[in-house]
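Just one chain follows, in the form predicted alone, and it is written as structure tokens.
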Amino acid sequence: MSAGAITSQEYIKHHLVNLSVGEGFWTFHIDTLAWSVFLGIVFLSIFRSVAKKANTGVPGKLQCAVEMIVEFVDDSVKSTFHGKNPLIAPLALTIFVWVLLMNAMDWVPVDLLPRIFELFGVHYMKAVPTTDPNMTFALALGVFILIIYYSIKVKGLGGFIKELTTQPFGHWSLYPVNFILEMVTLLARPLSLALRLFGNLYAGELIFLLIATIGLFQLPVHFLWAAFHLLVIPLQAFIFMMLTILYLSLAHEDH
């Protein structure tokens, strides 16, 4: 869909529509699901290939890159997570690389993939999964389930309820107030995870679309914004990973 053939508003609205099936609550965004699964497979394939070919000699560039990522995530977990759980490091690695790959789709020119898919009769295609709130909320919900699970496993159901009711005010008459405050704090964690990632990537995509409507001078502006995204895209993956580690560390604290 060419930006020159329609108004700028129609062009932007068209590119912000997901390829979907179903109605209402049971609407499935096919592009979000397909690209997220595809990028997950890319992540697993690359890391599995490197792990199988790894050697103690002089490593190749790809092995060096993978080892740097693994060491970076491992150091982040050691400095932030204070419990003992073998799941946390692999989970943090998966979150960081998968979210990074999904964010990196923002570097693909906004018209490239939609025009390719239009050749096959597909008129809507959003290629950045993290610009879809369904994807970011799904990731955050998975983290939230782990927070609840480990809070109960480590502290026990009674200890978890006690934590929600006895802080920050110790008097029994203020337990209902404590419960409301602690529930707001607890529910704010997945909400902030989802909205922070979605908001930053959605805004970035929207600016790319706005740049695409300015015509002749769009390329230099596009490359400038893409260069700025060299910081934004990995930073958002890092923040999501670090907050996940932090929230799970708090879930493992048994006072």
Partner chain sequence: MNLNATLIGELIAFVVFVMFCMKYVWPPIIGAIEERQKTIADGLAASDRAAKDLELAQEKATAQLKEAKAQAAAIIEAAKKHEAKIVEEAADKAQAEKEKILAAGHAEIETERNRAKEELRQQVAALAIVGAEKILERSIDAAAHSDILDKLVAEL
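Positions refer to the first chain, counted from 1. All of these numbers come straight from a predicted model, not from anything done at the bench.
As for the form predicted together with the partner chain, it is not shown, yet the points below apply to it.
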| query | finding |
| --- | --- |
| Interface residue in the model of the complex among P109, G83, P133, G159, criterion: non-hydrogen atom within 4.5 angstroms of the partner chain | P133 |
| The single option of I207, L186, V70, V221 touching the partner chain in the model of the complex, heavy atom within 4.5 Å | V70 |
| 4.5 Å heavy atom contact, I211 and the partner chain in the model of the complex | no |
| Heavy atom of W26 within 4.5 Å of the partner chain in the model of the complex | yes |
| Distance check, F47 to the partner chain in the model of the complex, heavy atom within 4.5 Å | yes |
| T166 within 4.5 Å of the partner chain in the model of the complex, heavy atoms | no |
| Heavy atom contact within 4.5 Å of the partner chain in the model of the complex, the stretch among 151 to 159, 171 to 179, 91 to 99, 113 to 121 | 91 to 99 |
| In the model of the complex, residues of 6 to 43 near the partner chain [heavy atom within 4.5 Å] | G24, F25, W26, T27, F28, H29, T32, L33, S36, V37, G40, I41, F43 |
